[in-house]
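Starting off, we have a lone chain in the form predicted on its own, written out as structure tokens.
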Amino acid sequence: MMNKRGMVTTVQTRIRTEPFSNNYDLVGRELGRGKFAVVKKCVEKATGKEHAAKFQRKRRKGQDCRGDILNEISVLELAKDNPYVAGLHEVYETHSEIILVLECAAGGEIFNQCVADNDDAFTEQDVIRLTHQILTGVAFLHNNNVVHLDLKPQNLLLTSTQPLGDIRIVDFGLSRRIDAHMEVREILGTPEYVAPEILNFEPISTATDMWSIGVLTYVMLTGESPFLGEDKQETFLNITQGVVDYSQEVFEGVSALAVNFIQTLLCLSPEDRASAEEGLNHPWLNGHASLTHTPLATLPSLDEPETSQSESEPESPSPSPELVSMHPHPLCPGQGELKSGCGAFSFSAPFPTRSDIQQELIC
């Protein structure tokens, strides 16, 4: 049964109540930490297999949030047969916590490659393959009426780095179910990746995720964050106005079709954005990327794709501050210095209310 916030709190997974330590040993350092959760590597005693244990507090700021965690479990159950969503192994519950035992993707966040030096950064061919996998996973979710609502480099893991492995989508703490009979409107997400309809408190849809994928692809290809401003007000204004730099300087060495792909997603109107299925059919993801970037005025028609491929040389992207609450995932967050042409801001407080956003946008 789905509640009015688009959350399902009925799960099929057996929630075990015996001590977690009976069956698992914690090893090494923490993999991630947020306000209400911590992720640690663990080894299953019976099999010797490594997993990631996500310990989540049931009470947050004095409120019972057990239902939020059950919603995350229900989405992971739904996606258990999807190869690009991190697998759920077991669930444990104590008086104060629920522990999700998850697949451990050894390659870490794609964020780490986004901020890597050129020799270790993604090539355009890498981005094509990974974007195809992300869209395949998201299309599965969307076909099952689930929206992730926090797609960003920190929530996309790799099974390995050398050689470059496959994608695992993680952190469904903000995910929602949607249907034709009920509108879901909520202020949640991560500032740089949040869609304009979120800021405008308009209905959430599958198109909300597609905007985030457009931002994500931009970051992977260029190493820059398209909407990041000097402060959160400027970031929100950039998003609501759809201000995007598609210049040849930003996309140096990146194919014209890659730019076109991003443009099909970063549309202010959700109705104008490509769906996940349409994205998978875009020529850029099907072997037609050109060798060099073409100015926007001369972008080719999708009916006349170019035939060769190129490599991009990403720089370092901007940071991605968290909204609402940080939901850590099965691997450690990215480290190191980050760059942005527009600067960065920290987001220590919860996401502002609708009235706060409106005041900021008016100022």
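It should be emphasised that the depicted structure is a prediction, and the values quoted were computed from it without experimental measurement. The numbering used is simple: start at 1 and walk along the sequence shown. So that the term is clear: the rigid core is the largest set of C-alpha atoms that superpose within 1.5 Å between two forms.
FYI, the form predicted in complex with a small molecule isn't displayed, but the following is about it.
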| item | value |
| --- | --- |
| Region of this chain that lies against the small molecule in the predicted complex, out of 165-173, 235-243, 254-262, 123-131 [heavy atom, 4.5 Å] | 165-173 |
| Distance check, residue 103 to the small molecule in the predicted complex, heavy atom within 4.5 Å | yes |
| Contact label in the predicted complex: residue 69 to the small molecule, heavy atom within 4.5 Å | no |
| Contact of residue 109 with the small molecule in the predicted complex (heavy atom, 4.5 Å) | yes |
| 4.5 Å heavy atom contact, residue 49 to the small molecule in the predicted complex | no |
| Candidate spot 36, 54 and 157, all three touching the small molecule in the predicted complex (heavy atom, 4.5 Å) | yes |
| CA of residue 35, rigid core aligned, shift of 2 Å or more between this form and the one not shown | yes |
